[in-house]
Each structure stands twice: as C-alpha cells, then as structure tokens.
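Read the single chain below, which is given as structure tokens and is the form predicted on its own.
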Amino acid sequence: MRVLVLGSAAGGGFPQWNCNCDNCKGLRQGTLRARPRTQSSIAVSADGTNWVLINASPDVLAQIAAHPELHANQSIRDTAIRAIILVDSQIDHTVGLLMLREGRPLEVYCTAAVKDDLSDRNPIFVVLQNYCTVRWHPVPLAPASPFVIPELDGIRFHAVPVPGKAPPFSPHRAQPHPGDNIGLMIEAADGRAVFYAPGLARIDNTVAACLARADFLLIDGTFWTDDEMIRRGVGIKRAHEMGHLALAGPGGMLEALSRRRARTILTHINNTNPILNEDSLERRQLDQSGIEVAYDGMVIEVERRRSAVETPA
C-alpha cells in the first residue's frame, strides 16, 4: 500500500496568501529554511494505478498536476482517482470537489453529517448535480465495520469518530454530532495500517486505541501552542476553539504521542506553526523525539516486510 501526501498545510496553505507572519514572510523572502505547502490531502493506492483521494483541497488541480500517478492515462478523458473520501465538511477539505466537475460522476464517501452540510449550508453536492453529479456512499461510523472501495483491492478503511469541530457554517458547530469529524484507519491486506487524522480536538479512548494500533500515524500537527494565533497577532481564537489539540503543553499532542509505537508524521500544519522553520527549536525538539513533519510529495510505503517513508525521485 502506498500513501501519497498531496498537501500538508492547514487551510490557507503555506505561505498563506494574505499573511505576513514571520513564517510566511521568511519563506517568501528566502530567509527561512522551510518548504512551501499546499492544503491537506492524501491519496492512497494498493497497486499504484488506482487511487482514492482523501479530502479534496482547493489546491487539488495543482496537486494532481504535480503527481503523474494521478494523471489521465487510459483514454482521452480519464483519471486515476476512483473515489474520494471526506473526513469532514471543512472548506479546505471539500472545495476541490468543484474543481473536478469536468469528469465522470464523483464517487464520494462521507458520513451522513458531512453529506447534510454539503447539501444544505454549503451545497457543493447540489451545485455538482448540474455538472458531473455526485454518487454518495455512506460511511459507517463503527471502527469495527470497515468499508471498501471498488478497484482498490486489498485496502480496508475504518471510519473512526474523533473529537473535533464542524465548520462555522454547519448547524452542528456549537453542538457536535457523530460523524462531523472522522479519522481513518487505512489497513493494507496484511493488516499493517496507517491512522490518518488531520483534525483532532483531544485524545479520547477511541483515538488512543488507534494510536496504539497503527503502524504509521499521519496526524494533526496544526498548532504548536493553544494560543499560537493570538501570540502571532493573526487571530483571536485558540487552537481548541478551532477543533485542534496543540502539540506542546500539558495534555498536548506530544504528550499523547510520547507513548506511541508507530512512526509518526505531523500534517495539516498551520502557517504560523514554528515547526515549519526547519532551524527552529521546536523542530529540533520533534527531531529529537523521532517525530516527522509531512511535506508535499512525501510517500509512505506500507509493506509486508518493512515500512519506510521515502522521498520520490
């Protein structure tokens, strides 16, 4: 099984178009040792030919263009993307659906809560019915009841309800509903698994079990501290108010990850996060802990005899 990191940034990407924080300014001016990043999404394949897209970011066209594996290769109008799984209804995970409107019907797998948001308050599904159309496939909210996708032989997906926030436009924003946010346990034929959770508000018992079970963690690294947006002068909300558990501090993500057995990679990195600076003290702390930071184009190979993260040639 192969997992391709298409985008590793939080909403807005890095650098963010309207941000002049130290990170964004430094990257633009070439004074910061960091990589630019598009908004978070991954693709998964068992054979390198048929792929499932997990989240469709606003940067999806650039992400597809950057990866020949996803290009049309069998007929004059074609795609290697067989289906799309959405882990939530956030704008930065769904707007890319509109960019895929020229193709065949979109096979979209998501929870009923996400479908409702995308059919009512932010009616992307309704708009797409006038173009390629959407074929909705409900995702079971039971980690013990996996679902499969045709043409992705040998891969099972387990939807894991996780604590988080529905988008500001959702009627569930202040009253979370089951299915607003999920993580995915992505399991290869031999049982090896990747747990993908780009949005986590806290570590509950279900999430803790996934952290212990997986061979790879591709997990929320949005903010370093809970007050990061305030401290950087770019916002008034704390991380937990936005549905993210900060990395540092008592009870933070790093504390939970200290007990992990899996190889761990942080994704969905906000443009204000100091770990984007490869020379920062915070990045050095991660390096010393054996925790990696995802980057666009990272490839995770999940094999029977070994697991490795490789940089594509």
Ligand code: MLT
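Throughout, we count residues from 1 along the sequence that is shown. Bear in mind the structure is a predicted one, so any value in this text is a computation, not a measurement.
Below, we turn to the form predicted together with ligand MLT, even though it does not appear here.
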{"property": "Contacting member of L86, M242, I81, L106, with respect to ligand MLT in the predicted bound form [4.5 Å, heavy atom]", "result": "M242"}
{"property": "Interface stretch in the predicted bound form with ligand MLT - options 111 to 119, 89 to 97, 150 to 158, 202 to 210, non-hydrogen atom within 4.5 Å", "result": "89 to 97"}
{"property": "Ligand MLT contact in the predicted bound form: H268, any heavy atom under 4.5 Å", "result": "yes"}
{"property": "G297, heavy atom within 4.5 angstroms of ligand MLT in the predicted bound form", "result": "no"}
{"property": "Within 4.5 Å of ligand MLT in the predicted bound form: residues from 189 to 214 (heavy atom criterion)", "result": "none"}
